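Given as structure tokens, the chain that follows is alone and in the form predicted alone.
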Amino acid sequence: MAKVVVVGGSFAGLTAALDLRRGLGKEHDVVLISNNPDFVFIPSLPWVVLGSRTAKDVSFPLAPTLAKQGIEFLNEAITKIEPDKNIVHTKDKQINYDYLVLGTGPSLDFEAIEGLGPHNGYTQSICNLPHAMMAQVKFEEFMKNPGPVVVGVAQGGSCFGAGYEFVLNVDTYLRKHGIRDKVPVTWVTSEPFLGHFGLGGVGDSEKMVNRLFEERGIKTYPNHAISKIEPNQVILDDGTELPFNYSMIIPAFKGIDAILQSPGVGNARGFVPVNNEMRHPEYHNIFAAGVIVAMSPKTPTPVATGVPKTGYMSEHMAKAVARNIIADLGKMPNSEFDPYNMDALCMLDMGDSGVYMVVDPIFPPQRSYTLKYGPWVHAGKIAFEKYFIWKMKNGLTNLPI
């Protein structure tokens, strides 16, 4: 009998746990550890900020779903991993494992820039549900006294799609409320050009995104780092000062403290290296999936950018992890999975329309890609949100996407 411990209850962790439970015999145990009691559909967080979704709309409790599937659930944060002893620590427990799956997601490196973040700084975040709810309160206050808006992704950041969605949703929201002409909107990004996405671009994405921003009158500052943030002002690396009444800046990501404090598990930033089986190169019973996987850009950029790992990508990494653990335990051949050579699907919502993107592989030169724009993308994302939450809540990770 083997005990498989999965850390993380979001796209990567929950997918891996459900696939493992479905694929392993009942003689094997599957345990999921997460500091968050709920699964959150993170792509909907821009809608939470703007009031079209509530926390309940975009989340569900993990415990009932996991219990129904026969997965033990520990609602705790891990504090340390001892890979040589096959032990995971929480504050009060030591959990032994035969296999460990790290799908923790990241921690947010607000400390990298003075004044960044909602806790000790002056900007908002949409990287998790509590931050989105804080950002919603601040946005409601902003609407009583509207002024300039600055949205961006800081140097080293990777979550460009969410940043683009937020700035375009804000633009649409302000137009619907008849005040867009009174509110200058600015986009700041470490990407060398608009539509780079941390990948090098997708087909003619640069041309498409430039056109969208020009049509909407959004001023842009690509290829910039942020030096610091002061009350009501973002200061760029060249000294440019961007005033704001409301700002949302996505920070760079790093690994969680438990990995950073576990020598040999992660790299200097706390991301977990993997081989072509999504397996740790040194500790072969440790696997990783999702944002926590160590991936570097294929082509360096003048200002540091990270590699985006979307929910779609995280889910497919997790499925590869599950397949290989099941193969190990069934003494079957393992399968290779190269995250640099995977495909990706994205619906970039704009509040009333959007861009549909399918790319294979994620990095240029792509074998194929599709970029389509229209109001049907907004409707499609709403439908996908409902479908995906239903799928995960019912443990149906064997269904498409």
Ligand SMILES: Cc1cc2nc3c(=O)[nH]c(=O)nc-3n(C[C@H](O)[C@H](O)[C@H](O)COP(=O)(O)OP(=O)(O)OC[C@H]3O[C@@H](n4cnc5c(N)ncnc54)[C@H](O)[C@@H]3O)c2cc1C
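From 1 onward, residues are counted along the sequence shown. None of these values were measured; they are calculated from a predicted model.
Just so it is clear, the following notes concern the form predicted together with the ligand, a form of the same protein that is not shown.
Listed stretches are 289-297, 109-117, 273-281, 188-196; the contact stretch with the ligand in the predicted complex is 289-297, by a heavy atom cutoff of 4.5 Å. Proximity of Ile33, Glu76 and Tyr312 to the ligand in the predicted complex is complete: all three residues have a non-hydrogen atom within 4.5 angstroms. A heavy atom within 4.5 Å of the ligand in the predicted complex is found for one listed residue only; from Ala162, Ala135, Leu100, Val170, this is Ala162. Taking Ile362, Ile42, Leu66, Met357 one by one, only a single residue has any non-hydrogen atom within 4.5 Å of the ligand in the predicted complex, and it is Ile42. In the predicted complex, at least one heavy atom of Gly105 sits within 4.5 Å of a heavy atom of the ligand. Using a 4.5 angstroms limit between non-hydrogen atoms, Ile126 touches the ligand in the predicted complex. In the predicted complex, at least one heavy atom of Ile256 sits within 4.5 Å of the ligand. In the predicted complex, Val4 stays away from the ligand, with no heavy atom inside 4.5 Å. Contacts between 1-30 and the ligand, taken as any heavy atom within 4.5 Å in the predicted complex, involve Val7, Gly8, Gly9, Ser10, Phe11, Ala12, Gly13.
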